[in-house]
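Listed next as structure tokens is one chain, alone, in the form predicted alone.
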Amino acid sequence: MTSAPDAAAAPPEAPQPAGPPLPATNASWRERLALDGWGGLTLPLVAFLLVVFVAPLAIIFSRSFTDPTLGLDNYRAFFGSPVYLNVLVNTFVTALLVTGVTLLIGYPYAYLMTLASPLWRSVLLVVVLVPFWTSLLVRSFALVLLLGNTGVINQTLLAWGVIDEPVALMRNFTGVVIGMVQVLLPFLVLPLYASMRSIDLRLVQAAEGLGASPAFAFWRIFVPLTIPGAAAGLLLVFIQSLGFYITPALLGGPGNIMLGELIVQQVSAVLRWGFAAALAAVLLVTTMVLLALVNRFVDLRRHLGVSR
């Protein structure tokens, strides 16, 4: 039994802080990192990803510093040449332009799919999915036959008297953009269409019922709700555009070479494996830095549905 003087000498209990709950303790973090029995089934997949993705990246970074000699010679050669820097700039400019053009074409197309009847929606969906059923090389060669001086477009315009001589639609920047947009359009349309299909159109009707014009209701109600799907599609298109090789090689010219083509040339023709690894490392790091800068102004985690 505690006497009255002992109780008075006992230190007072620390007051509980007001406000939001305290952050998770170390024990809770250990619980979060722990895997249950079902989570352990994913370990083979994680090991596969480590071998297929992480290990090659580690090898690339290693060879960029060690081949042919240990040091930063490969990076000095890249940043010391304006030719290689122009290739890097051209790669990002092309990727940004292709992403913008894909959005301008893909957004109305996905919106049309949401408004069309089931029959026409199926037709539009099949048109989008057809590129996935054919080889990228076959599609690029088909564009060569379509865009060439003796291709269908130029011959049709000549026959109609619209032009007097063939228009250069390939072996230049225009051909690269047309080909890449044609290949990457499904990667924007499909996530955007899935986002639009999940929107309750009664919200737009309610805005119109309260006096908003159809254009105002579409811009202030419908478009913001499609941002997550658009962000996912744009990110897919932009990232894939940076590493394109076949389409720019077939439809582009020597004045608009992209970094993917330069890497292939260094590996297959010049055999500069270390320099090619440095090019790949520069492209990867530059892309990550650019995405980090974009994330400071646009919360990509929220728009992509990653954050809770």
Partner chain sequence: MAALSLAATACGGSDDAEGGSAEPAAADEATDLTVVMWGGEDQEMTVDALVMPWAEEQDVEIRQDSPSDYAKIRAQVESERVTWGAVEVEPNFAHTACENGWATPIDFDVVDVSAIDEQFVDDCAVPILEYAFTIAYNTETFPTGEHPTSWAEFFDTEAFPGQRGFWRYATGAMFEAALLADGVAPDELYPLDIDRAFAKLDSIKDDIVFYDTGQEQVQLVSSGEVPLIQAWNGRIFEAAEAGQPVANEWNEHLLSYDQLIIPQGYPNTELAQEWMDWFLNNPQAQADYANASAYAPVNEAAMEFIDDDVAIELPTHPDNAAQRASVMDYRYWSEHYDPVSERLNEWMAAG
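Positions refer to the first chain, counted from 1. Just so it is clear, the structure is predicted and the values come from calculations on it, not from any experiment.
Not on display, but discussed next: the form predicted together with its partner chain.
Peer 1: If you check in the predicted bound form, is residue 144 within 4.5 Å of its partner chain, heavy atoms only?
Peer 2: Residue 144: yes, in contact with its partner chain in the predicted bound form.
Peer 1: Would residue 62 count as touching its partner chain in the predicted bound form under a 4.5 Å heavy atom rule?
Peer 2: Residue 62 lies outside the contact set for its partner chain.
Peer 1: Report whether the minimum heavy atom distance between residue 44 and its partner chain in the predicted bound form is within 4.5 Å.
Peer 2: Because no heavy atom of residue 44 falls inside 4.5 Å of its partner chain in the predicted bound form, the answer is no.
Peer 1: So, residue 87 and its partner chain: in the predicted bound form, are they within 4.5 Å at any heavy atom pair?
Peer 2: Within the cut-off, so yes.
Peer 1: In terms of non-hydrogen atoms within 4.5 angstroms, which of the given stretches 188-196, 77-85, 209-217, 225-233 touches its partner chain in the predicted bound form?
Peer 2: Going through the listed ranges, the match is 77-85.
Peer 1: Find the only residue in 239, 270, 52, 58 having a heavy atom within 4.5 Å of its partner chain in the predicted bound form.
Peer 2: The option sitting close enough to the partner is 270.
Peer 1: Is any part of 243-268 within 4.5 angstroms of its partner chain in the predicted bound form by a non-hydrogen atom, and which residues would that be?
Peer 2: In sequence order, 249, 250, 254, 255, 257, 261, 262, 265, 266, 267, 268 come within 4.5 Å of the partner.
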